Each structure stands twice: as structure tokens, then as C-alpha cells.
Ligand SMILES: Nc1ncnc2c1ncn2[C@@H]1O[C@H](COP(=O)(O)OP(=O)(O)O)[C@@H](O)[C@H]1O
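Encoded as C-alpha cells, the following chain is the form predicted on its own, with no partner shown.
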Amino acid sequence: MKKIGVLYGMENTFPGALVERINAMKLPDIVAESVQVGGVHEAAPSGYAVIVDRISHDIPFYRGFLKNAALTGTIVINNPFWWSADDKFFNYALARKLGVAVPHTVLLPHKQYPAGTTDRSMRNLEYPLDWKGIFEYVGFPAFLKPFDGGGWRDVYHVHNWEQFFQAYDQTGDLCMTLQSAVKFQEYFRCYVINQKKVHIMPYDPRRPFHERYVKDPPTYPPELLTRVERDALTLCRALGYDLNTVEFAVEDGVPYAIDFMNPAPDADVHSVGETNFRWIVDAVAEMAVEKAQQHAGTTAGGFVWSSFLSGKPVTKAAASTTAKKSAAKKAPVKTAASKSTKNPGPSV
């Protein structure tokens, strides 16, 4: 019997609905449940074929547990190694390289020295910064926000130099980005599941939280929706996320990717609405089952960091095959001369 576990925190509606939906499929070899975990022994299997992670971004203990689970063969949605390494500024840079439209964005030094550092720690930092060049590149209005944050925490909307510096002075030792504001006419939040399915939801971040998902949206140009879907898939495939939301702000017909590091996206029925809720429950349930059925029970054997980061660790079988090939390649160097009992000469 293969188990699918759901790891979650304070959210109430999605985790239980996901477990219920998977079990309602009545598959003979698969069962879903809430994850139960205590003290974690190093290199001990988790007992789960698949774990859907909804909370480890807030709980370091859970992140450590999930990395250990991945090491011992569990498929974790989303990859805890890549999620630990990712940040939003890198995402914007990657999008730019991929040809996905993003607002002009600049990474800024900390306003205050991080704990344990002094001005001597910052001797490679240009001083004074070229603020004029930064502001000319980004323009105003703009958003000042953490380079790896989320949930609209520590985000400032600034309209000029004075407002920027007032906000920047409040950021402490956070690492921030300054990003051009998009004067959007349309806004979309897209669920992307299994790097295959996209569910486009009209959204308005200017509204109160519980009203942001637009219930009666207008008709959008088909070519706009096609581009939104294509760009959302492009980003999630490049980042390796199997569960994510991608947000687009559309200005003059161009969808700008605004936020696409949401590997535990909001899925509460009370905020996303019943229709969107049912779609994500069904889509994630189908993905988790598919991955559980593909799960071979193997554990990582190559133990190469980059393989964990990619989400495709080397299996023991593959590692064994590689070792045999390597041994075969080395065999011919043993010559008859090397078998001689004569003194081969001094060692070097």
C-alpha cells in the first residue's frame, strides 16, 4: 500500500478535501492521510510515497523532515531542496532570460548590516550607490519588496525618491528589490499543476482579500489567455515546481509576470471560491496519485547535491550501473608490464 501524506498548518479546507478526494477514488493500492511525524532519525524512510507540502516554508523542522524524506525516496510536492534555494529576484532574472515579460527590477543592498556584520563586511559594496541610475531604470511608481518574501509582507508602494527613502529606512536588514509598478488593466492568478495544467483566475489585488477573485469577469482576448497559459507553464517548468501560482498584471495587452514563487498557494474555499477550489482539489489529487503510481520505492544513491536540486536523484540501480561502466573503462590500463615482478623504479 502506497501512502500519500498531506503536511499542513493552520489552513482548514484544502488539506482535508484533498485527502477525502484521493480516498474517494478507492484505488486498491493507494491511501491518503494527514502526515504524522515526530523525532526524525537520519536517513530513516518517511513511510510515504508522496507528500504534499503546504507548510514547510514556515516551519524549519518540517523542511528538514522533507529533505530527509526525499533522500530516502519520497516524492515531495514541491521539491524541498529547490524551494530552499529559490528566491524571487532570481525568478525575475530567469523570466527575463526565458523571454517572459517582467517589470524592471533591481536588487538592493541591506539598509542595515545583517546581524554579525559591520561596515568592514561590506567592503566590496559600491558607495555611494548610483541611486539616480537605479531610479531611471525602474521608474516611479514602484514597489519596494523583499527579494525572497511573500504574503505582501514588508511591501511598500512608492511614487518618488522621498517616499522610497522613507520606506527603505524601515526595511532594517532585509534584502529588498525595487520593481516598476505595472499600470494594469487586467490581472490573473493562475494555478499551475504538475507543469501541465493551468487554471486562469481573474483577480484584483486592489480589492479586500475575500473579494479578490473576480466572480463575473469580462471576456478576454483569446490570444491574451493563450500567452498567459504559455508563460505560466514556461516559468513553472523552468523552476521545477509541480504546484504553484503565477500572477500576471496586464498593461496594454502585455502580461507581466509579477509573482511566481508560491509553492504553497492559497487554496482555501472561502477565499478562492467553490469553483476554483474544486478545480485545485481535483487537479492536485490526480497529480499526487499519478506520482504515487510512478513511485518505485527507490532511494537516492548518487548523493549529488545537484540531483536533489533538480528533483531527480540518482537511484541505487543507476549508481551501480555507472560504477560498472567506470570500472570497465579503467580495466584496459592494466598491462602485462604492470604484472611484472621486476622493480618498476622509484615511485613519484
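All values derive from a computational prediction rather than experimental measurement. The numbering used is simple: start at 1 and walk along the sequence shown.
Unshown form predicted in complex with the named molecule; subsequent notes refer to it.
Partner proximity in the model of the complex, defined as non-hydrogen atoms within 4.5 angstroms of the named molecule, places exactly one of 175-183, 230-238, 118-126, 79-87 at the interface: 175-183. The listed set Tyr213, Phe164, Tyr187, Phe147 contains one residue whose heavy atoms approach the named molecule in the model of the complex to within 4.5 Å, identified as Tyr187. With the partner removed from view, the residue among Ile258, Val269, Leu108, Ile75 that has a non-hydrogen atom within 4.5 Å of the named molecule in the model of the complex turns out to be Ile258.
The closest non-hydrogen atom of Pro265 lies beyond 4.5 Å of the named molecule in the model of the complex. Shown alone here, Arg153 lies within 4.5 Å of the named molecule in the model of the complex, counting heavy atoms only. Using a 4.5 angstroms threshold between heavy atoms, Pro205 counts as touching the named molecule in the model of the complex.
Using a 4.5 Å cutoff between non-hydrogen atoms, Tyr191 does not count as a contact of the named molecule in the model of the complex. Contacts between 97-135 and the named molecule, taken as any heavy atom within 4.5 Å in the model of the complex, involve only Pro103.
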